[in-house]
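Take a look at this single chain in structure tokens; it is the form predicted alone.
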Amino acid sequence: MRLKSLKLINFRNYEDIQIEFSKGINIFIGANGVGKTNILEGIYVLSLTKSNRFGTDMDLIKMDTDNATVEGEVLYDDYSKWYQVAISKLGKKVYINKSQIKKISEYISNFCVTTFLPNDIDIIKGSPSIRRNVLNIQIGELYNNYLKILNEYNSLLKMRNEYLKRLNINSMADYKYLDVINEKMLDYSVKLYSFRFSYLQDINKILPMIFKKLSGISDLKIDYINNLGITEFNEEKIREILLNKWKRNLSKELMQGMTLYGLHRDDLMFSLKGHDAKIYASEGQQRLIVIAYKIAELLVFKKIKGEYPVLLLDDVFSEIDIKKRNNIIKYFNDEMQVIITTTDIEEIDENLVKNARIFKVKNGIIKGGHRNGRKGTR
């Protein structure tokens, strides 16, 4: 798949622009604060219907306007699709080929992206919720059914938490209803654990090799940290342990009014030579670990879907030395569409630049779109 065109209307600092992309490398050059990152954010919203940055949907709407629209045409092997995300004070609507899609989970996984962003280091340094969110997005782009099941699980989780609070207030309430919720949550939990363990197994098969090529250091893996104490997928064991956790800790859950055990509490640990990279790895190593993780995501996506997602890189080369930068670039190939932002084109490998479509960004205006120094479109 590749993004052919992107249209932004009242999105961030853009009033109305349309961009035509090359199938290969696309580079947006400009000073900080002129709107380069907003272009990548628009592509991300087109794919996942929400921003990859902090804030709300309303923050995406250009100041002094009431709504924003992100549209784009995506090419596949022998057909194309038109995607649209419309954001207003009344909410958000998504469309494929002009037809509204009622459920966001049915929209996501059609047009897929992978990002390399400066704040991706938070995948290691940040909270467990950040790592869970990244994992959910990665698996959700691969398997549309994952997000549907996750939404059902989260709905039941909310329902269970509310009923725990009710039981705590009214001891005469019916505990059988809690048993019904538990059984349904077990069903969804097993399915979601299956997806997560399978995906991380695929990642861990190639992650150590990728990291060694980038850094010269081996022994990197991802440990799946959960409060069930399980290290591999086993449906019967998961059901038994999780149900026992809920039964034995019911008084504690009643008192706190929340579900204390389950996959909504799980975490990932990046283990470098047997140590938690969040604590023991340098910031430079942490950055390379995240990049290795994202490259592994690309390769697993290709293996499962038969194609690469669109790759978005936001000014990441400036913080990496030339040798490591070149090691990263070796993973790019002619099948990938790559969209890069930079303040200085000298930071980009000349082999990428010579085959790239170049755009210049200044204060919400985009000029160029030429290749190899010559104007024109492909």
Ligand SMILES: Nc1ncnc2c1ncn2[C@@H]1O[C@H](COP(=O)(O)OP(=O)(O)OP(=O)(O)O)[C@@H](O)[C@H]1O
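Throughout, we count residues from 1 along the sequence that is shown. Because the structure is predicted, anything quoted here is derived from the model rather than measured.
Missing here is the form predicted in complex with the ligand; even so, the following discussion is about that form.
In the model of the complex, the ligand sits beyond 4.5 Å of every heavy atom of residue 329.
When the ligand is considered in the model of the complex, residue 59 lines it closely, a heavy atom lying within 4.5 Å. Within 4.5 Å of any heavy atom of the ligand in the model of the complex lies no heavy atom of residue 42. When the ligand is considered in the model of the complex, residue 343 lines it closely, a heavy atom lying within 4.5 Å. Between the ligand and the residues 69, 337, 37, 49, the one pair within 4.5 Å by heavy atoms in the model of the complex involves 37. Listed stretches are 329 to 337, 24 to 32, 305 to 313, 348 to 356; the contact stretch with the ligand in the model of the complex is 24 to 32, by a heavy atom cutoff of 4.5 Å. Along 1 to 28, a non-hydrogen atom within 4.5 Å of the ligand in the model of the complex is carried by 12, 13, in order along the sequence.
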